[in-house]
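Given as structure tokens, the chain that follows is alone and in the form predicted alone.
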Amino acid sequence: MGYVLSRDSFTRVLKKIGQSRRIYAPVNKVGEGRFTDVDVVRYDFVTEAPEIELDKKSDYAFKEILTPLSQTLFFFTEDEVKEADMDEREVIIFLRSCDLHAVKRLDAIYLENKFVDPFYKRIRDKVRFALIGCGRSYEDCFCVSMGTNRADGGYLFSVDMIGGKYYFDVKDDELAAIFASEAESEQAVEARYVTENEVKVTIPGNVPVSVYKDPLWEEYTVRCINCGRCNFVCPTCTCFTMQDIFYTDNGRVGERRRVGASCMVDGYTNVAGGGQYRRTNGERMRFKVLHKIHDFRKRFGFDMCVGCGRCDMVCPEYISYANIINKVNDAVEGGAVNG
């Protein structure tokens, strides 16, 4: 069912929904960007319609609600272990189609990758989604090439803001009653989605071993500076490390945390005895790129990358991930011709 609401009526809907749920959405943080007087759009909990940023693409992904940068898993003493408490209320996350497709990638890693991760599942069971429609393609997006530009389901309702009014396609019967009580009108509504991006990529099929040794990766040994920003804004990067925090000198009381990590940051592949895999930045870039457009697909049947373009937006060295994908495809096709 479709509903049209004003800003005030949408706020009243959010208040009603918020009585039993938390609402997590992109918010424009004024003056909190990477440089002085620069805004940034990142996720936060909201209670009113004006807080939700529906026009700009978020600079950071939604994933911190599912995979926090620092998450206490459990506390321990000499005699017992206690799993960390969490807010048991359901969470509704507002996200775009590419990010909704990213959830499928996170679920594959944490729920279908040989075993179920209980800490992820505990949070995931409490999470539902609201789809933000895309009335236009944003800079650096290549979601059409990745097949993630449209979501056919998996959300409670969609929202589009057009001409100062909010348009909703509500899939959930319980929520439909709430929207109906505040709606200015009812009409057929379909979430908007883009059909073309300015940026286009061609995903290679099978990647031969020769591409792993291709000179194309050497460029990134020089250009990449190991900041890891591309990983931390990516909605599908899942790497983490573990930290034990001790409260006492004897090391028998404390907590264990899961902390976000990055395959692009120096030290990620360090192993006991002083060994280190993928020492150069080019090797790290190769690992990241081929995992997202080849290795992941071999295991799960679809690509890890969703074409959101955030990695291109945030890179201080202006490295284009889309360009890298096309370079890999050229190397594959060139190898096929030469081979």
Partner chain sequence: MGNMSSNPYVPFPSKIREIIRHTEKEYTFRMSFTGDVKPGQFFEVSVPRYGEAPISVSGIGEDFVDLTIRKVGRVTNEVFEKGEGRTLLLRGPYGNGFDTSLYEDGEVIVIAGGTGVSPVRGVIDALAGTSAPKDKHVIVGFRSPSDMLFRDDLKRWDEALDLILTVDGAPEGYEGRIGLVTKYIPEVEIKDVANAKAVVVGPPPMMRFSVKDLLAKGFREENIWISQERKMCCGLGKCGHCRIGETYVCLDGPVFNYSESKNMLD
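Because the structure is a prediction, the values reported are computed rather than measured. Positions refer to the first chain, counted from 1.
Keep in mind that the form predicted together with the partner chain is missing from the display, and what follows is about it.
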{"property": "Site check Phe115, Ala261 and Arg286: each within 4.5 Å of the partner chain in the predicted complex by heavy atom", "result": "yes"}
{"property": "Partner-contacting position among Lys200, Lys121, Arg223, Lys82 - heavy atom within 4.5 Å of the partner chain in the predicted complex", "result": "Lys82"}
{"property": "Contact residue in the predicted complex, from Tyr167, Phe129, Tyr193, Phe76 (heavy atom within 4.5 Å of the partner chain)", "result": "Phe76"}
{"property": "Among 23 to 31, 53 to 61, 277 to 285, 39 to 47, the region lying within 4.5 Å of the partner chain in the predicted complex by heavy atom distance", "result": "277 to 285"}
{"property": "Ala177: touches the partner chain in the predicted complex, heavy atom cutoff 4.5 angstroms", "result": "no"}
{"property": "Any non-hydrogen atom of Ala188 within 4.5 angstroms of the partner chain in the predicted complex", "result": "no"}
{"property": "Partner contact for Tyr110 in the predicted complex: the partner chain, 4.5 angstroms, heavy atom", "result": "yes"}
{"property": "Distance check, Asn270 to the partner chain in the predicted complex, heavy atom within 4.5 Å", "result": "yes"}
{"property": "Interface residues of 285 to 319 toward the partner chain, as seen in the predicted complex [heavy atoms, 4.5 Å]", "result": "Arg286, Phe287, His291, Asp295, Lys298, Arg299"}
